[in-house]
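Shown below, as structure tokens, is a lone chain in the form predicted on its own; questions about how it binds or moves come after it.
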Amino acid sequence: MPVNPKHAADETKPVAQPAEEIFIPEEPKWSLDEIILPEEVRAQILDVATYADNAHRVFELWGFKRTHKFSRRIGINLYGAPGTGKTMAAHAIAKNLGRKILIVNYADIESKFVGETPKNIRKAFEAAKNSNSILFFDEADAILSKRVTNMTQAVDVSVNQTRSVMLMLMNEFQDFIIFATNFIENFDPAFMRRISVHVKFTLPDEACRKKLWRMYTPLEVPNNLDFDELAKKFDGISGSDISNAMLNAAFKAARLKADELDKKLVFEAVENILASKRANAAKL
């Protein structure tokens, strides 16, 4: 019996994943001991990470439960250049609190159907509450951006509906919410006012770069690297850049059948990364 082409196409069409299955808490991948940050940034992260330990003293013993009735929620926004450790820090905060982390990306909640995105945001908050997880919005500027004031089509109305729902849920949610963004300038002021702490992540200084070069160089790999030299030679690179450079250099050394990881290969790998950044910046 011949198969109707339309029916055959329907059978192979991927089924949309229910929102409930998208928001699955996971164990944090990093701890505070595993991330390298400037001391000022680390201190700010520790202030947040120890919130649960100090909440009883602040709210109960010191009386802040009367003056700040609705402030048990704490929103923390981690912002700054890409590759500077924002996502790792979010995991570390959750781990320090002894809780799982529920990661939400805009792609997870966006829907092509008008009105569905706000529903998915609600489900993310419900999933975090039901699982007692730390709610983490990565690339948060996609959700917390400024409202559309000159609405010309249905999608603009939907964008504003999404912002309104997010504001309401943030007001009601009395727990941790972590945001991370590379573009804090895109945040709507209404969201800025509802976020308790903003921590700026900067590119690592020379001392941090030295620690990062050492951290991303396995003890097992034979090499002639000088970490002081690497830290001084290359400024304006992130921890992610250092990680990628080391791995790229290692694979090239393996391809060349080299007996050790030569520093020239690492220099070359970093220069390639810097060249790609310059090319990317030139198109802006």
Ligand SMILES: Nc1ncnc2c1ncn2[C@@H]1O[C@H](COP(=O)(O)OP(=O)(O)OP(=O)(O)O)[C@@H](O)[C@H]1O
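Just count from 1 along the sequence shown to find any residue number. Just so we're clear, the structure is a prediction, and the values are computed from it rather than from any experiment.
The same protein also has a form predicted together with the ligand, omitted here; what follows describes it.
Visitor: Mind telling me which stretch in 239 to 247, 60 to 68, 254 to 262, 45 to 53 gets its heavy atoms within 4.5 Å of the ligand in the model of the complex?
Guide: Stretch with heavy atoms near the partner: 239 to 247.
Visitor: Looking at the ligand in the model of the complex, do all three of 139, 212 and 215 come within 4.5 Å of it through at least one heavy atom?
Guide: Yes: 139, 212 and 215 each sit within 4.5 Å of the ligand in the model of the complex.
Visitor: With the ligand left out of view, choose which of 87, 117, 77, 133 has a non-hydrogen atom within 4.5 angstroms of it in the model of the complex.
Guide: Contact residue from the list: 87.
Visitor: Does the ligand come within 4.5 Å of any heavy atom of residue 225 in the model of the complex?
Guide: Flag for residue 225 set to no.
Visitor: With a cut-off of 4.5 Å between heavy atoms, is residue 37 one of the residues that contacts the ligand in the model of the complex?
Guide: Yes, contact at 4.5 Å.
Visitor: Does the ligand get within 4.5 angstroms of any non-hydrogen atom of residue 234 in the model of the complex?
Guide: Taking the distances in the model of the complex, the answer for residue 234 is no, it never comes within 4.5 Å of the ligand.
Visitor: Although the partner isn't part of this model, could you tell me whether residue 82 comes within 4.5 Å of the ligand in the model of the complex, counting any heavy atom of the residue?
Guide: Yes - in the model of the complex, heavy atoms of residue 82 and the ligand come within 4.5 Å of each other.
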